[in-house]
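Same protein, same chain, two forms; see structure 1 and structure 2 below, as structure tokens.
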Structure 1
């Protein structure tokens, strides 16, 4: 039995407003391919959840076209869209068993009992929760509830699945451990998926493509490698990677100089795109820098322990602020020599 028949999802100049000139999303143009996992990221209030509600049919666009394959569903009610929804709370029925929760949508559709049972068994197996079938969802862990919610959404064979921060309610350790299994589940189901998260690391780890939103508009849309290596502007660079934005000058070959003694290698594709520029703007990420006795001295402003290393914020004398990763603790006020890693892929974001 096929779990889903994935659809192409297209936003064509989609906008949604709460009032005159008050747009929650504004002129959104995105194409999500069949079976693709697209992650929506951005600061609070940027329009991520509004886009999910538009696809689900909970709200209708103020203007624009929303296509599932070639069908405009912008004005169709939710039950005519073949879209599955998993809210952040999971919204399970605590008075029902796991199997009854999964079969609920099938029962509402009036499907015969045997067909409901077969479909439920398939999804219990797919989501690896066979042993929980007779248990009340009230007694389940966060990770187990997540799988039940996804199984229930998949039961009605949606062509698009919407996940609104499905890992947000989990503690950090469980969140990381369940992330890969969730992605494996979505890949096996084959459903076209829109996944909202506020976690940039999560987006980079799981997405086929990422849409970075700000103030209701898409700043950049592409695969994780493209967004990491070639952010289109300072906002994308800062949001995705905590990059510091610095000016640099070409000094020959494939190198630029940020301040005297602080040299950064530039990828050939960036050189080709900005060959005639003398000054460039770099997105310099913490992972691009290392402590190096041959480097320039940086005054430490603050330090955060990340579990395996320290994220250090500092200031170059008469130069820009920078951040870097350190294996050893450092204190505010200390000076530390830093240099750009030779293997770093430093991105130019403008010229």
Structure 2
């Protein structure tokens, strides 16, 4: 028995808001393939929850087309879209039991009792909450509530599942372990999923593809590796990691020079695109640099112990700030020689 009938979801020039200066969501163009898990990530207020509400039909786009498979649903009310929405609070019906919550949509469709029960059992199984069926939702833990909310949304065989920060309400210790079990649940259900988060590690960890949003616009859309290796701009580079943005000169071979003595290797495929450019912009991450006596001297500004090593913030004399990982503790004011690791894959910003 299929749990879902996944659809292709397309945004075509979708905008929402009061006009050019006040778009909450601005000219969105995205294609989500059937069964794909797409993560919308960005700082708070970037419009990611608004995108979910647009797909759910709780608000209608001011402009643009929203396609579910081949049908434009931009003006359809939510009850005719078959889209599952799980808000951040999970919004469980607290006057109903767990099983009644899950069966709610089926009951509203007028499905016969037996069919309803069978499907509810399936979902209780899939979400591994069989033991909770008769409980009141008041007694559930955060993780259990999340399961019930997702089961309730999946019960009506949604064509797209919308998850708004599904892990944000959980304890930080639980978040990582529940994250992987959530992803395997979504894979098993095979549902097209839009997943909103503000946490870039979460996005990189679970996404098939990531859309990075800023101020209502999509800055970059692609798989995690592409975003990590080839961010299109400083915002994406900085948002995904603690990268420092530096300019570098092409010096022949597979190498670029940031300042005299600080040389970075570049992957050949990056080189092709930039062979004719005189300078390139790099996103240097702390893990790209190491302490190395052949390197350039860096003045230490501050350092943080991260458990296995130290994250050190430093500055080149009269040059850019850089941070790097160090296995030995260093003091502010010290100077330390650093060099780019020979094996580092330095990200190039390529708009």
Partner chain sequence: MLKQVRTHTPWLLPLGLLGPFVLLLLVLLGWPLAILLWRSLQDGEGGFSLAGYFSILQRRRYFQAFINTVGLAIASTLLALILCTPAAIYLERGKGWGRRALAVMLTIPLSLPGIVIGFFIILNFGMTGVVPQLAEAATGDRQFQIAYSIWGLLLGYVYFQIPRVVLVVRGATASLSEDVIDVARTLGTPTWRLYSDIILPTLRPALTNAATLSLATALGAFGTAATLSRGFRVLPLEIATAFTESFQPQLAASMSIVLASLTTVLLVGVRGKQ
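What you see is a predicted model, and the numbers here were worked out from it, not measured in a lab. Residue numbers count along the first chain shown, from 1. Superpose the two forms; the largest set of C-alphas matching within 1.5 Å is the rigid core.
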- Of structures 1 and 2, the form predicted together with its partner chain: 2
- Turn of the lesser rigid segment against the greater one between structures 1 and 2, rounded to whole degrees: 11
- Cα of residue 327, core superposed, displaced between structures 1 and 2 by (Å) 4.5
- Note on the structure: Shift in angstrom of the residue 257 C-alpha between structures 1 and 2, rigid core held fixed, comes out at 2.7
